[in-house]
Ligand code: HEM
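This document opens with one chain alone, in C-alpha cells, the form predicted on its own.
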Amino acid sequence: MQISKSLKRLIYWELGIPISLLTIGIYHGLMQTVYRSGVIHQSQFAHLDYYQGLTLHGVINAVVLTSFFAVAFGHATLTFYFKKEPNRKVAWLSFWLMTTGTLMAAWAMLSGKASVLYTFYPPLKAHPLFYLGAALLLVGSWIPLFDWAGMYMRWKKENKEVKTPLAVLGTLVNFTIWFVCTLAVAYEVLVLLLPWAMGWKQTINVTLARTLFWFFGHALVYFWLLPAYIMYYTMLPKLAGGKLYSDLAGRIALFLFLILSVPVGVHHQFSDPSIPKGVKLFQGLLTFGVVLPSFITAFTIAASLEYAGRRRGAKGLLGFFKKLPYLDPDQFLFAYLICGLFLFIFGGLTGIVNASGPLNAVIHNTAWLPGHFHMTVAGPVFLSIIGMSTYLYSTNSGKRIFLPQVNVIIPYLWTIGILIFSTGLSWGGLIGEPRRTNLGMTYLNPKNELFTPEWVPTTLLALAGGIIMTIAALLFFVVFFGTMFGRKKDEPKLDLPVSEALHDEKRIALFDTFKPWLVTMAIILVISYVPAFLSAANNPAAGAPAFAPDNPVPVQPVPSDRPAAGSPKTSVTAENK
C-alpha cells in the first residue's frame, strides 16, 4: 500500500537515528572486549572512560535502538493491516519527545557525567539530564500505544467477528507490557533518582530503587523480543516458502507473555536480603512459567519450517533443513530471522540457569550474565531489528538493497561472532571472571599482583568473537547507508510478508480480546510485587550516598551526625558508629 510522505519520513527517522547512534554502541562493544582481554592496561582510550563506554554501549544498543525500532515497526504494522495511518500529530509528538530525551541522555553520557551503566543502579549517580532524558524517552514511547488502541477499537467495532490480525495483536500486547513495566521505572526516575541527583536528598533507598528497576528490567527483555516473535509467526513461514502451522498457537503464546513477562524481575534480586523468600520463590516459579510461550513458539515455528521444506521437495526426518532459502538475497529477511532463532535456543537455555536460585548464586555478577544476555539481545533481537530496518527502508523508499549478496551473509557472520564471544564469556563466568570490570587494569595485567592467567583464554575468545561481530556490523552499516543513499528504482510501498495459516482455527473469543488477560495480569502483579515493594520500602538498610563506578569511596559521604534518608527507623550517628 502507499503511505503518506509524513508517515514515510517518520519511519525513516525512527530507523535512521538509532542506527546512526548504533555506530557508537558497536564501537564501545568492541572496546569492552579489548579492555577485558588485557590488550590495553588503562582506564580510558581516546578520552572515553571504560565505564563511560560501557554505559554508552548498553543504553544505545539495549534501550534507544530497541524502543525507536519498536515504535517504527508498530506504526508500519498497524498501518499495513488496518489500511489506515496513525494520527500524524500524535506520532510526531512521540518522535520528538523520544529524540529530545535521547539527546539529553546522550549529552550526559558523552560528557562523562552519567557513567552509571544501562541499569543506572543507585548508588551510582548521574547528571539530572540523564534521568530527565530517560523519562522523556519513556513517555514518548508510551504515546503511540493510546493512538493504536483507538485504531484497534474502531477496527473491532467494524469487524466484530473477524480475528484481530496476529501481528496487530502482538504489537498491542508488546506495548501493553512496555507501558505497565515502565510505570515502575518512571516512578524510580522521577521520585527517587531525580531529586537525589539534583541534591534535594543526600541518600537513597537502594533496595527500593533496584526493585522498581527490575519490575521494568526483565519485562524489557520481552519488549525487545516480541517484535522478533511477531516476525517469526507472521513472516518467517512465508519467507521460507510455507505456511504458519497454527494461528491459535501464536495467540496463546502472546497472551501468556502478557501475563507472565512482568512479575519475574525479582529473580534478578535473589541475593537482596530485603526481599522476602516467598516472593523470590513465587517469581522464580513464574520465570520458569514464561518458558511456556517460548516452547510453544519453538514447536510452531519448527513445524512451519518443516512444512515449507517439504513443499520444496524435502524428504526424510530432517531433510527440510536443506531446502530452506538460507542464502537467497531476495529473501534476505529469512537469513536474519533464522539466525536469530538459532541463537535464541542458547539464550533460552542459559536463561533457565539464571532463574534457578542455587545456580544463580554461582553465576551472578560473573561474565556468564553478559554471555547469556548477548545470546538474546544480540541474537534474535538485534538481527530482527537490523534485518527489518533494511527491509522497511528499502521497500518504503523504492531503493534496492545495496550489495545484496553481502547483505545475506551478514547474519551468519554475526552468528559465528556471537557464538564465539558468548562462549568466552560463559566459560569465563564459570571460573569466576567478573562482569562490568576493566580486567586489563588488574586481573589481565601481567605486571599486577592480581594477574589471573586462567582468564586469558576466555577473554581472548571473547575478543575474537567481538572482532567478528564488529566486522559483521560494519558490513551492515555499508549495506544500510548504501541503500539509504542509493537511487530509487522501484515503486515505493509499505509491503510486509504475510504468512497464511495452515491451521487457521476459528475465532475463539478468549484469544481475541484483552480484558480477561489484563485482569489476570493485574492480579498476578499485585500478588507478586506488593509484598516486594512493601518490604523494600519498610526494611531498607541505611540510605546510600552517591558513588562513582570506579571508586569504592562515596563521592560525598553523608555527615555522621545526620540520619540516613530512606530509612526512618535507622539513625547513623557518630555515637552508634
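Numbering starts at 1 and follows the sequence shown. It should be emphasised that the depicted structure is a prediction, and the values quoted were computed from it without experimental measurement.
The same protein also has a form predicted in complex with this ligand, omitted here; what follows describes it.
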Testing 89-97, 433-441, 247-255, 403-411 against this ligand in the model of the complex with a 4.5 Å heavy atom criterion leaves exactly one stretch, namely 433-441
Picking from Ser535, Gln32, Gln52, Ser67, the single residue whose non-hydrogen atoms come within 4.5 angstroms of this ligand in the model of the complex is Gln32
Answer key, this ligand contact in the model of the complex at 4.5 Å (heavy atoms) among Tyr232, Trp148, Phe130, Phe421: the residue is Phe421
Proximity of Pro545 to this ligand in the model of the complex, heavy atoms at 4.5 Å: no
With the partner left out of view, is Gly466 within 4.5 angstroms of this ligand in the model of the complex by any non-hydrogen atom?
yes
Quiz prompt | Distance check, Phe332 to this ligand in the model of the complex, heavy atom within 4.5 Å | solution = no
Next on the checklist: Since only the chain is shown here, I'm wondering whether Gly140 would be in contact with this ligand in the model of the complex (any heavy atom pair within 4.5 Å).
Outcome noted: no
Contacts from 370-404 to this ligand in the model of the complex (any heavy atom within 4.5 Å), listed N to C, are Pro370, Phe373, His374, Val377, Ala378, Phe382
